[in-house]
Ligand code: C2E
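For reference, the chain that follows is the form predicted alone, supplied as structure tokens.
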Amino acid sequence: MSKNRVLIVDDDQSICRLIARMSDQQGVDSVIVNHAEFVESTYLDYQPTLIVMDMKMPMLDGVELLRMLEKQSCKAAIILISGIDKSVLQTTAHLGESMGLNIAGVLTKPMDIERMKILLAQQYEPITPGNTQTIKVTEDELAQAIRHNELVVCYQPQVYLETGELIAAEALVRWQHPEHGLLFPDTFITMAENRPELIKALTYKVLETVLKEDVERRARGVNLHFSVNLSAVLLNDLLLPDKIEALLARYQFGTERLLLEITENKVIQNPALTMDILLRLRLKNIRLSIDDFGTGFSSLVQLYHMPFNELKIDKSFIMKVMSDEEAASISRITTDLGHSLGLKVVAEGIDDQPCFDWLKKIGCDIGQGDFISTPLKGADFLAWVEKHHFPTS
């Protein structure tokens, strides 16, 4: 029996049989159920790694199905199919993602068979990105992890798309948990943001780690710019610019080499106070980026009023530019918008050569993603830079 199993939820038996045949051809077990059978059970009864489900069935709609899966803490990948308008289908997919569900793709009816084969193949090996989302950690554990140096910083390179020249790297925090192993930010960042002192301690720990490790990099002739994530929760501390400047001075790290990425999906509670803090950071030559652009609440307002240097297109768009017209249009328009405001535009989530080439063609400035390099720990990152002989000064 295959370690993968697809659960097909649709009242159209011809569609179900077609998807089941495609699964069988790839050596994957399949189970077909109608909406009534699905409601009477749970997805756990079938133990699927992938769910293919119609969004519009008698007496049950796709939103209700997604809500059921959310309540059951579903970790399976999900492919949505329907004959409804594509924009409605895409919005449903975004809703599913906001619920924490793993939406792997969408397909309109009549179904593109080749596209479905590609989506199925992508999910079968492997199906999910690990089990860190099921791990529960506490605020006290995280506070102890910060004190005991359990946080690890990885670096993901950023290159100019036009030339391929390495220009910077983003610092990404991981938690080397003594019991659960390596934990990714989605396991603990939101929790930390609920306690301002905790997210503040975590942020300064990450920044100081970057600065400490940079001393060795500079000694080896590597002199890059680095970006560090800054939670909007911290944009209420008038002393923040001075504290960061003092930390940079301690390690003789030029302020112009630091870029702070501010996640755009956080609502800025006090715009006047935030503008005060951001302006003082800019006056100290620290650069600012609006991260995950297009996924938050007040994109254009923030861009218009705040002193950003850079706009970062969210990877949820970039990863779909070669297969989704809407994602491609949003990425192109965002690039043009950024340039019209005098900002550098960064694309994160570049996973292959066609995506890299397309972004280069539309004039996006900087690229980041696993196609260029996965995030690397300090020593591995330094070795990667030296091996590739990138210009670094």
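Heads up: residue numbers just count along the shown sequence, starting at 1. Predicted, not measured: the structure shown is a model, and the values here were computed from it.
Note that the form predicted in complex with the ligand isn't included here; everything after this is about it.
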| query | finding |
| --- | --- |
| Sole residue of Leu359, Val345, Leu69, Ile350 within 4.5 Å of the ligand in the model of the complex, by heavy atom | Ile350 |
| In the model of the complex, the one of Pro178, Pro196, Pro185, Gly83 near the ligand [non-hydrogen atom within 4.5 angstroms] | Pro185 |
| Gln156 within 4.5 Å of the ligand in the model of the complex, heavy atoms | yes |
| Partner contact for Asp370 in the model of the complex: the ligand, 4.5 angstroms, heavy atom | yes |
| Leu107 within 4.5 Å of the ligand in the model of the complex, heavy atoms | no |
| The ligand contact in the model of the complex: Glu150, any heavy atom under 4.5 Å | no |
| Candidate stretches 212-220, 168-176, 84-92, 275-283, one within 4.5 Å of the ligand in the model of the complex by heavy atom | 168-176 |
| Residues Asp10, Pro48 and Leu119 all lining the ligand in the model of the complex, heavy atom within 4.5 Å | no |
| Partner contacts in the model of the complex for 310-339 (non-hydrogen atom within 4.5 angstroms of the ligand) | Lys315, Met319 |
